[in-house]
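Take a look at this one chain, the form predicted alone, written out in structure tokens.
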């Protein structure tokens, strides 16, 4: 479905991603785990194309120079130079870190904003699906997003991404700042989305413990480099992973 080969990203002279190669198989959940500043969001921005916009903005204001190297192959095509909206139209949809909903818009308005690439019929079907996955959102459909709790906002952010009809759903640290209850709700929803829609899902997290049990394959990255990879079971059984993420 999607393969990144030898990705390298430099911020001026700082190496943010160092020869990262990952493979996201169709219909599977791929996890990318690492501590804060390990390079997870840089990876997601690069795969989604947002890094191209960041690079252009920095060039326009005379900011830091960003350099991107490597290949990104999606459904057999090299897409490294595709703009973010072109990748979104092709089915690559990012749910960003820290949710970034529109706080003054209602839940329903936020969801409809995510459906700008879809037909009216698809919009209606996707809305029903989101409300089925997250019934709590339906109960607050006319409430402003800014008045939702952090967990509710995360459900809204994921729902908005689903409204765009993704083939590849990218979730950047969806558990950040959530209570254990909402972490469980989000993790169960991700599992259900995979099972009911057959989506390919990439999820990054520093809170790996709740996520590793549901992934098919995962990567551990440190300082922008991939240091370990394996199936969910292999990572669960690895003593280094147990020590770093499970405290045993």
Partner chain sequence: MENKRIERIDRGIKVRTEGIYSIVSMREMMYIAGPRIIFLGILFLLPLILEAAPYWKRVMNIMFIYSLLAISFDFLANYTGLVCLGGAFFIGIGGYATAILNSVLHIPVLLSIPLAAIIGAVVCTLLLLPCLQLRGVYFAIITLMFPLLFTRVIEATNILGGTNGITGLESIPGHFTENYYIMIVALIALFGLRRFVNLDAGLVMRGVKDNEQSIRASGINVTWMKTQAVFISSLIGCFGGAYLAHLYVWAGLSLFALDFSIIPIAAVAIGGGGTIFGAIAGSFILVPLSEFLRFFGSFRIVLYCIILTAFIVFKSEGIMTYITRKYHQFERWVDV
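Numbering follows the first chain given and starts at 1. Given the structure is predicted, the values throughout are model-derived calculations rather than measurements.
We do not show the form predicted in complex with the partner chain, though everything after this point is about it.
Proximity to the partner chain in the predicted bound form, defined as a heavy atom within 4.5 Å, singles out one entry of 67, 188, 37, 179, which is 67.
The putative spot formed by 8, 13 and 61 is fully lined by the partner chain in the predicted bound form; each residue has a non-hydrogen atom within 4.5 angstroms of it. Considering the partner chain in the predicted bound form, the lone stretch of 193 to 201, 211 to 219, 40 to 48, 53 to 61 in range is 53 to 61 [heavy atom distance within 4.5 Å].
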